[in-house]
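Only one chain is included here, represented as structure tokens and corresponding to the form predicted alone.
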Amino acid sequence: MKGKMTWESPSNIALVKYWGKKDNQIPCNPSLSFTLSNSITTTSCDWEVRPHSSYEFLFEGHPNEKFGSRVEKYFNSLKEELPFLNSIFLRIDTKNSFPHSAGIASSASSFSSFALILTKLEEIIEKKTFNEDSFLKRASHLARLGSGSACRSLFGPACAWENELFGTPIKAHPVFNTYKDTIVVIDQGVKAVSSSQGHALMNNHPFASNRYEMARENYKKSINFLQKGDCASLGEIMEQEALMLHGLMMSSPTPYVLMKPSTLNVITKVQNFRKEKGIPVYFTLDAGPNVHILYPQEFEGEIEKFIKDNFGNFPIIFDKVGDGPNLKDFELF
């Protein structure tokens, strides 16, 4: 038995941040995110059932030892839960439509795409029966075991991660179904401190308990604002959460700074533009220097002109809220 498949899976941008985790990728607080549309990972897989397991990992068509080591560790950790991984050959080739390791959640889109492949293989080889909902929940669970935030990339337009095992889709007000996210890429380099290292620093953080309590409150409020279509109130929480995330980094037992001077410049100009024009445009940051600028589609023309005029010297990704992953190719031989 053998075959091939290709999945496209999106990144997501957290509105309420997940920062700090327990064993087995269990979050210390709930989180909420928008699923993106254009910032995606495309992963192709050739597979064949064999007596023993072996893997081949490519990143953008080339061997990548660091990447391959992480994915192989992930696959090996799942052998008890997915017995077919003990007797299969997998060739994985993955590529991103955006800079990886720079704070645009490439691990979320990558590991969600791997989880989709594994769930499809489980369906075929282990003869499991899934409907669409149970398939995505299973993939979300498996994605979480590779990268916590990856569990939120399986559902759109918005996804909550309150259940510790998998993400849950959130029905949003129609204004958010066409919401725009324009990403100003301040720095395409690899972050000095990985997200995994950052999460670990929360274990001894002096503000950890206060942070988790505030995150739970912001989560509850954000769900309400998301369903009511209250862009301004949701935007205020988004900005607070972004600055709190980076404040936690800067006040960690081992402090570090991922924002750049240009990050602060973009933030200031977005805030000033909002006050001047009275338009509900807000920013958020992931665990990196790049700035996500979020706004309703009805203001697209004016806001995109502002972005191009002020930040056109940086690479810009014009993205929007999306519906989730997509199976692009599937064949059995």
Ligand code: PMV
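This is a predicted model, so every value here is computed, not measured. Heads up: residue numbers just count along the shown sequence, starting at 1.
Another form exists, predicted in complex with the ligand; not displayed. Remarks below refer to it.
**OP:** With the ligand left out of view, choose which of Asn218, Thr182, Thr94, Ser107 has a non-hydrogen atom within 4.5 angstroms of it in the model of the complex.
**Re:** The option sitting close enough to the partner is Ser107.
Original post:
Out of Gly156, Pro99, Gly148, Gly235, which one falls within 4.5 Å of the ligand in the model of the complex, going by heavy atoms?
Top reply: Among Gly156, Pro99, Gly148, Gly235, a heavy atom within 4.5 Å of the ligand in the model of the complex occurs only for Gly148.
**OP:** Sort through 174-182, 82-90, 127-135, 194-202 and report the only stretch with a non-hydrogen atom within 4.5 Å of the ligand in the model of the complex.
**Re:** It is the stretch 194-202.
Original post:
With a 4.5 Å heavy atom cut-off, would you call Leu245 a contact of the ligand in the model of the complex?
Top reply: Leu245 belongs to the contact set for the ligand.
Original post:
in the model of the complex, does Tyr18 have a heavy atom within 4.5 Å of the ligand?
Top reply: Yes, Tyr18 is a contact residue.
Subject >> 4.5 angstroms heavy atom contact with the ligand in the model of the complex for Ala287 >> reply: Taking the distances in the model of the complex, the answer for Ala287 is yes, it comes within 4.5 Å of the ligand.
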